[in-house]
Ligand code: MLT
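First, one chain by itself: the form predicted alone, in structure tokens.
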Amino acid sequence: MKILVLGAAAGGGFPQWNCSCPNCRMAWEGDPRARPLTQSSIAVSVDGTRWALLNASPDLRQQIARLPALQPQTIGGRHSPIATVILTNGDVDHITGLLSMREMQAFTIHCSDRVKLALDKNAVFNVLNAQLVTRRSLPLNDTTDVLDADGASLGFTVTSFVVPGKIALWLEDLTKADFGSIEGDTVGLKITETSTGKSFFYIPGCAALPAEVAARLEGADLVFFDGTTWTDDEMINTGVGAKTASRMGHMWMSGPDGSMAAFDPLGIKRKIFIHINNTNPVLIADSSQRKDAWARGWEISYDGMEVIL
């Protein structure tokens, strides 16, 4: 099973278009320590010819342009190796790329009923021709064979499970508790190759690591995990926002209540942070925070990163 990191950054990318925080300033100035990143998504394939996107970022067109494996493979007419898109939530930075896939191309969308309802209710997604693009429900806590538009298996299954988080920002209801968030607004994914049983986890958004989620991950070969911020109050301290990581539905990396500490006892063989906010100091190659993460067994994903499982 081959995994390609299309984008490693959180919403807005790195550098963010309107940001001049210390990290973004380094990137704007072309400092090689601050590698530019597009918004987070990965692609997965078993056969090397049909690919599944795990989330579709607003930067999808740019990501396809630099990855030959995702470009048309036939001469003449239209073709795409992208057979399906699997969504972890309804965040703008995870679904907007679907609008770049509107040119009468057959593929499937797999997502939770909550996310499917959000797509169905928003008429802008009707640009995806329903006769070509099938929206398939992804049952929670169940294993689903991932299918292409012709109903053929891509050679792997996905198990969707609830992780702590919140409803997408554009769907928040300020009159309701927890902004109207309910089960299924944010999920984690376990991807398992059918023929070998090899598997990995993809969890780009997660607000905490309760015991039931930790138990799923224990001893895993590979986990991609939410790396949005280094500290809970990072955006406040850098002067670019008023929200904490937890308010945005994300778990921060450092400290006794951070994700690195929570993962320490789980015995995971390979741990990779993804969905990294432009303010996070781990984006800077020689930062003490990057060195700390590496020392604790974490890799920092980057655009174009390849993983073979």
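This one's a predicted model, so the numbers in the text were calculated from it and none came from an experiment. Numbers for residues come from their place in the sequence shown, where the first is 1.
The form predicted in complex with the ligand is left out here; the points below concern that form.
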| query | finding |
| --- | --- |
| Per-stretch contact check against the ligand in the model of the complex, the hit in 184-192, 86-94, 105-113, 214-222 (non-hydrogen atom, 4.5 angstroms) | 86-94 |
| Interface membership of residue 169, the ligand in the model of the complex, 4.5 Å heavy atom rule | yes |
| Contact test in the model of the complex: residue 248 vs the ligand, heavy atoms, 4.5 Å | yes |
| Partner contacts in the model of the complex for 260-282 (non-hydrogen atom within 4.5 angstroms of the ligand) | 275 |
